[in-house]
Ligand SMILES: N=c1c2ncn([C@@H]3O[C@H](COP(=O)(O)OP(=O)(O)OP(=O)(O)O)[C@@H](O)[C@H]3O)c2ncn1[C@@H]1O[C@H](COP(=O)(O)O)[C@@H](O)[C@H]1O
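Next up: a single chain in structure tokens, the form predicted on its own.
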Amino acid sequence: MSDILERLEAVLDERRHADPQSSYVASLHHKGLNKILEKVGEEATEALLAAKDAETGGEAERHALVAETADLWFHSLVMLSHLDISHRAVLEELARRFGMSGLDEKAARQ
């Protein structure tokens, strides 16, 4: 499972230039960045709502949150792909922040 991001990146790269009539990813790329950003926003909202339900819900609500988070991550990867940014750049940024206090990291951005 550790290579799932690599596998997803390969599929996204392949489908980016596919026929928009036969590939969801290609159709998003064909519609442009604004459509991709709309999907990221939509999935973020759905994940937030699922998180609220999962807070007091049962296993079904927790599974729904996982599914919505997967949708959010997927569409975020499509966004990065559209901008020719590898998921590795995000992982490198997370690695850079690892072990650093969140408060210190936030202060360093200013």
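Start at 1 with the first residue shown and count on from there. Note that the structure is predicted; figures quoted are calculated from it, not measured.
Below, we turn to the form predicted together with the named molecule, even though it does not appear here.
Transferring the named molecule from its position in the model of the complex by superimposing the C-alphas around the site leaves no ligand atom within 2.4 angstroms of any backbone or C-beta atom here, which marks the site as open. Within this chain, Leu5 is remote from the site of the named molecule in the model of the complex, having no heavy atom within 4.5 Å. The named molecule is not shown here, and in the model of the complex it never comes within 4.5 Å of any heavy atom of His30. When contacts are judged by a 4.5 Å heavy atom cut-off, Lys35 counts as touching the named molecule in the model of the complex. Of the heavy atoms in His82, none are within 4.5 Å of the named molecule in the model of the complex.
Although the named molecule is not shown here, in the model of the complex the stretch 31-63 places heavy atoms of Lys35, Lys39, Glu42, Glu43 within 4.5 Å of it, in sequence order.
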